[in-house]
Structures are given as C-alpha cells and as structure tokens.
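In the form predicted on its own, a lone chain appears below as structure tokens.
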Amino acid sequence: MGAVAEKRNSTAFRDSANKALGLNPQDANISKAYLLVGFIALLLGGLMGVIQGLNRAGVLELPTWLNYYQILTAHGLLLVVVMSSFITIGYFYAGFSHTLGGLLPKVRKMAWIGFGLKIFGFVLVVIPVLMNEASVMYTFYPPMAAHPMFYFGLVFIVLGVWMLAAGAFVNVANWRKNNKGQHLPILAFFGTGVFVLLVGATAIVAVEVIFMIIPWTLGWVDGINVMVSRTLFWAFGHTAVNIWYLTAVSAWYVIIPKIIGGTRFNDYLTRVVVIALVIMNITGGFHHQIIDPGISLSIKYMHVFMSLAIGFPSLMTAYAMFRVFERTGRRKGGKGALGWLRKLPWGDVRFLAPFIAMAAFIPAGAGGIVQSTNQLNQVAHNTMWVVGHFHLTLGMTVVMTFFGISYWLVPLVFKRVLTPAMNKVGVIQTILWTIGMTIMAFSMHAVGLFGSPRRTSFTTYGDFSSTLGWDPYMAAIGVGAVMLAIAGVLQIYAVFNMMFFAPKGKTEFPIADVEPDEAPTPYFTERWGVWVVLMLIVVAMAYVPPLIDMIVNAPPGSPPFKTW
C-alpha cells in the first residue's frame, strides 16, 4: 500500500508540476521538432502550389528541367503527408504531456525514434521525386510506377507512425492504470482516436506497398492488380484526410471554448462523436471508386450509405459548436437572435482562424456528399471540382484550424507569448488566406462542372472553343494561388517569430471545462477495445466482399508504366 500511495503522490506531483509549467521541457522539445518540420513543409509545399496555380493559369511556363507532375507530387506529399502529420503529432504529443502528467521516458524515446524513421523515410521519398523518377502524385496509382526507393521511403514513414502510435498508447495505458475508473482527459481521448485511425489507415496502405507495389517495381512479379491497389489506397488516402479533420475537430471542441471564455459542450456527446468518427471513417474511402468499373452495384450502394454516415457526427459537431458560441455570447451580454455573435472575440486570431475553418466545412461537407453519390459523382469525378473540394476540406477547414492552433501552441512550447503585433499579422493572414482560398476553390468547383479535368498540366486543347471558356476560371485560380502564397509567407513569418523572437513568457494550454452542473459521462465510452473491434467489423463488412471479388475475378495484371 505504501508503494501505491507513493506512486499516486508522485503522479499527483507530476500532474501539478506539468500544469504549472504548461508542458514538461523534454516533452516540449518533441513538439518543437514536429512543429518546425511541419511549418517548413508548409513553406515548401506552398511554393509548389503557387507554381502549379500559375502554370494552370497559363502565365508561367515551366523550365524543361522541371516537370509539372513533379511539382504536383511534391505539393501533395509536403502538405497532405508531411505538414498535416507533423503538426498533428506535435499537437497531440503536447496534449498527452499536458493532460496525462507528462510523457513517460520510454515514450519520449519512442517519439524521437518515430521522428527519425519519418524523416529518413521522407528523404528516401524526396530523392526520386527530385530526380523526376517518382512523379506519381499523392495517389501513386498503379500502373504508374515510381522508382522503388519512393516506396521504401513510404514504408519507413509508416514505421515511424506506428512507433508514435505505440508511444501514445503506452502513455494512455499507463495513465489509465494509475487512474482507474476515471475518464481519459478529453484531449487525450481525441488523440487516442486519431492514433487508432492512423494505425488502421497505414496498415492498409502498408499491405499495398509491401506486398504488391514493391515486388512489382523490383520486377519480382509481372503484373499488379490495379483494382485492388486502388481500393487499398483509398482506404488509407481518404482516412488520412479525415484524421487531420478529427484533429481540427478536437481543437474546436476542447480549445476554442476556452479561448472565447466559455465552457465545453456536453462531454458525453463529444466522446460519442469521436467514437463514431473512429468506427465509421475508414469505409468512407470507397466513394472515390463509386464510378470505377468491376464493382457491383450492391457494393456501391452499401458504400454510399457508409460514406454518408460520416456526415452524422459532423452535423452533431456543427450543432455543438454553434451552441457553445451562442451560450458564451449570451453570457457576455449578447441579446436578440444574433446579438451574441458580436460578443465573440473576432480580433483574436486563435478564434478567428478556426471559426472560418468551421464555416468553410459547411460547403466542403456538402461537396463531399455530392461526391458520395453515384449520379452526381458521374459529373464531378476526375474534374477540377474534386480539387476544389479537397482544398476547401484540407486547405481551408483543417489548415486554417492548424494555423489557429499555432498562435497558442508555438508560444507555449517555446516558452514565449503571442504579442498584439503577431496577433494582427495573424488576423491579416487569416483574411488573405480566406479570400485566396475562396477565389481558388470556387473557380475550381465551377470550372470542374464545365468539364475541366484535374491532374493535367496547362493546355489549350488546340485552342478548342469550349475549353477556351475555362480560361477566366484558370486565371482566377492563379490569383487565388498568389494570395495563398502571400498568406502562407505571413504565417511562416508569424510562426518563426513566435518560435525565436517573441518575448519570453508563459502561455496557457487552453483546455475548456464542462458546465459545472453537467451529468456524469457514462464510463462505457472508455471501452476502446470494443470501439476498435467494432471498427474492424465495419471495415471487414465494407472491404472483404469486394476485395475477394477483385482477387477471384482479377483482370490481367498490369506491367509498370512511366507516364510523365
């Protein structure tokens, strides 16, 4: 009993010290490294983006040594894989440290090993991309084949993710062992869901890369089953985007209420939303193949339902967040139907950026529903509409939330403060990013409806009259890309200022409390083993029947092609 009491006292002391310090300095170093890499990736990926936008607008001709599809590949990998994942991991590892009383020493080691594996993997990926030997874009669809080094790099990235996920699970398990019967702190609860999804999604793409693509690119097998590889990719690819979305949602539920001076929405509902998003997420990837041949109508019908099911927790989130805003605004004196809106801190970039991100998810989510349905997808599939939807979802909803997070997380881990000047830079940057993304995404949606294809470099199609009508929209895409580039540079400037030049001081980790009279949350929400089993059952229902059919009735395998 004495040892148990001593251990509890030690844990309590560590919790208190952590709250006083904001973050253990050794743990802060981990988040610093991940955030630094994440924002450097934003700078490089953003540069690739503006070059792409100006090329598609027809105002920038690429030199002969630089391939359009190289830029497209680098842009996708840097922003979707590197920036998003590194900021997510830096954010959640800071959250684990703060809410679980610090990271265990072995978890710190695992986090640094994971960092090393991911960086080594990205170096292996980048080399063939720079050599124009891997311009296969973010989707890396077979039968397009990159240099084998590209795929070996992906393997190391996945190994890094698994190491980080294992570290997160070890720390969570240790906390639960020492706090039996208590609910996992809400930010750690979100983090657990994110790492469960990361393991699930990367396990699927690992099967594709290790057992199909690498033997194929090394010449050990003659052909590859293109349908199976596409299916495995989208089980990963769409889930990856939703993982970044769940990360943004965690900030909306947990952080934003504190920043605006309010309280969290119902804790029970919040945990149910996380559980629902974890169980139903991976199956959502199949709607990318809704018009692919070789898949039965019954399977497609089931997947339309499964894809649309993800919308329910999103609708619950929309209600919850606007209820929090209204409740807080009214407590601050807001009157009338919309008077509470005036009481929200619009001049605080930590709120402004995530709020616009939430608002952007309304059209982004609606676009996603369009693409989940067979008939409407027939119109939008493989057009610029999809690119516009992707930029609204990831580039606006997720990235703007990450920007908002950076204005308190970066000062917190670097032991500095957000100054009024940097807050003003952030507000200007948020407005510029919003206008630029609105112009670009709207133009992409519109020109997509007119038939302009995606994944295509600049062409006038022999000055064909119909396609020349796309030109004004392409010019607008270029204008939007330039504005985004300027906003991106401002964001990088603000982040590096907060890292190295802002005044030293203490920044609070803003985690909101629930309402004082709220009913206790049922403990069954903590049954993570049950939620993971349910997730696996749903994934099996969605993917086993079509994959068996694709393997048993496999089309002829395809040899590798280099199409660029």
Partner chain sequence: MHLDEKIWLTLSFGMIMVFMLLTGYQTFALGMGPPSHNETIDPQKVDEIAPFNEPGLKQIGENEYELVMTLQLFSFTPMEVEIPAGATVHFTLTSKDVVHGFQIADTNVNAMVMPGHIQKISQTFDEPGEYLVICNEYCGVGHQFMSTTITVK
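Given the structure is predicted, the values throughout are model-derived calculations rather than measurements. Numbering follows the first chain given and starts at 1.
Keep in mind that the form predicted in complex with the partner chain is missing from the display, and what follows is about it.
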| query | finding |
| --- | --- |
| One residue of R331, K106, R323, R342 in contact with the partner chain, assessed in the predicted complex (non-hydrogen atom, 4.5 angstroms) | R323 |
| Listed residue that, although the partner chain is not shown, lies within 4.5 Å of it in the predicted complex (heavy atoms), from G261, P472, P453, G116 | P453 |
| Segment assignment from 83 to 91, 304 to 312, 244 to 252, 168 to 176: heavy atom within 4.5 Å of the partner chain in the predicted complex | 304 to 312 |
| Complete contact of A188, H238 and V278 with the partner chain in the predicted complex (any heavy atom, 4.5 Å) | no |
| 4.5 Å heavy atom contact, N67 to the partner chain in the predicted complex | yes |
| Heavy atom of T99 within 4.5 Å of the partner chain in the predicted complex | no |
| is_contact(S443, the partner chain) in the predicted complex, heavy atom dist at most 4.5 Å | no |
| is_contact(G336, the partner chain) in the predicted complex, heavy atom dist at most 4.5 Å | no |
| Residues of stretch 246 to 276 in contact with the partner chain in the predicted complex (4.5 Å, non-hydrogen atom) | F265, L269 |
